[in-house]
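In the block that follows, a single chain appears as structure tokens, in the form predicted on its own.
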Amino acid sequence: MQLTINGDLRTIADARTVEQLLVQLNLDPRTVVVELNREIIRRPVIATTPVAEGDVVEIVHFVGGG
């Protein structure tokens, strides 16, 4: 399936949920915020929120500093 991830069109296989997408992208759900089609996806529902052909995903990484 094709998704737009952070502005780039990407082909992703075998990702039916946001959680599966993050696993494929080697991202820890605890360290990112995910926006799917302009809606922020809360951590408790990442595993059950579906992704579909043509979805637009924005992923923001937490960055520590001081």
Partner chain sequence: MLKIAGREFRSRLLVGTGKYRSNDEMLRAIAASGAEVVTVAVRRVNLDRHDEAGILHHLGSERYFLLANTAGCYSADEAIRYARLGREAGFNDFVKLEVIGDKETLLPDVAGLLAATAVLAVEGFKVMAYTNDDLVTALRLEAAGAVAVMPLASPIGSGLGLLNPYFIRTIKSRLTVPVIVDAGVGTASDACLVMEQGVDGILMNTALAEAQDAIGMAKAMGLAVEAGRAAYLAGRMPRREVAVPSSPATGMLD
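Computed from a prediction, not measured in an experiment: that's the story for all the values here. Numbering follows the first chain given and starts at 1.
One more form of this protein exists, namely the form predicted in complex with its partner chain; it is left out here, but the text below deals with it.
Q | residue 55: touches its partner chain in the predicted complex, heavy atom cutoff 4.5 angstroms | A | No, residue 55 is distant from the partner.
Q: Tell me, yes or no, whether residue 2 is in contact with its partner chain in the predicted complex, where a contact means a heavy atom of each within 4.5 Å.
A: Although its partner chain is absent here, residue 2 would stay clear of it in the predicted complex, with no heavy atoms inside 4.5 Å.
Q: Indicate whether its partner chain has at least one heavy atom within 4.5 Å of a heavy atom of residue 15 in the predicted complex.
A: So residue 15 does not count as contacting its partner chain.
Q: Counting only non-hydrogen atoms and a 4.5 Å cut-off, give the residues of 32 to 63 close to its partner chain in the predicted complex.
A: If the 4.5 Å heavy-atom criterion is applied to its partner chain in the predicted complex, 32 to 63 yields 32, 33, 35, 38, 40, 42, 43, 58, 59, 60, 61, 62, 63.
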